[in-house]
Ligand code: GEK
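The chain below stands alone and is given as C-alpha cells, in the form predicted on its own.
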C-alpha cells in the first residue's frame, strides 16, 4: 500500500533544503502524484515513446530515476538486447529501487536494467537511443545543465530522442501568477495544508530552479537537436521531446 506524504505536515521551526532521503523515498510516489499535475500522463507517454525510439542493441538512460517509475514501465516493452541504465545519486532511492527490481519476475522478458548510484553529471553516455530526464534537470545548477545535455547528445545514436520534463517559469508576471495559483489549487485539492505547501516551497527554493520553455528550447537547439517538440503542459509543468537528426 502506498505511504501517504506527511513530510511537511508538522511545523518545522527551520526548514532545511529538500533532500531525497529515506523519509522522502518512503512516500515519493504519493508526494509526486499529489504535487505534479499530469505526472501520470507523462509516465504513460514515456512508456509509449520508448517503444517508438528505442532500437535493438541500444542503451536507454533514466537520469534521476528515483524509484524507477519510468524504468519499470519501459522495461517489459523493450527488446531483450537493450539495457536501461537507471541512475540516481540518492542512496535511499537506489536502495528501494533495487528492492523493487528484485521483486519483478526476472524471466518476464524485456530490457536488462542496471542501477547506478551516481550523479548524472559523471555519466559517460554511449549508444543511446532514448534518454529520460523526468523532472530531474531542474535540480542541477543552471550553469551545469548544458554540459549534461551536450554529453547526452554526443552519446546518442542518430534518430535518438531525449525527453525532458520540467517545472517552468514564465516571463510574463500575469502568466506566472495564474499558473502558480492554479498549481497551488491543485495541491490543496489533493489534501495539502497551507503549512505543508509553504514549508515545501521553502525547502525547494534553493534546490529547484525553473527556466522558461524558450530557454529550454534555445539550449537544445544550440546543442544540435534537429526537432524539439513541447508535447505536454499542465499548469506550470511541461514535457518536451528533443530528437537527434538521423543524418
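Note that the structure is predicted; figures quoted are calculated from it, not measured. Numbering follows the first chain given and starts at 1.
The same protein has a further form, the form predicted in complex with the ligand, not shown here; the description that follows concerns it.
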property	result
Partner-facing stretch of 52-60, 214-222, 37-45, 185-193, counted where any non-hydrogen atom is within 4.5 angstroms of the ligand in the predicted bound form	37-45
Contact label in the predicted bound form: residue 175 to the ligand, heavy atom within 4.5 Å	no
Interface membership of residue 139, the ligand in the predicted bound form, 4.5 Å heavy atom rule	yes
Contact of residue 89 with the ligand in the predicted bound form (heavy atom, 4.5 Å)	yes
Heavy atom of residue 20 within 4.5 Å of the ligand in the predicted bound form	yes
Partner-contacting position among 83, 121, 169, 98 - heavy atom within 4.5 Å of the ligand in the predicted bound form	121
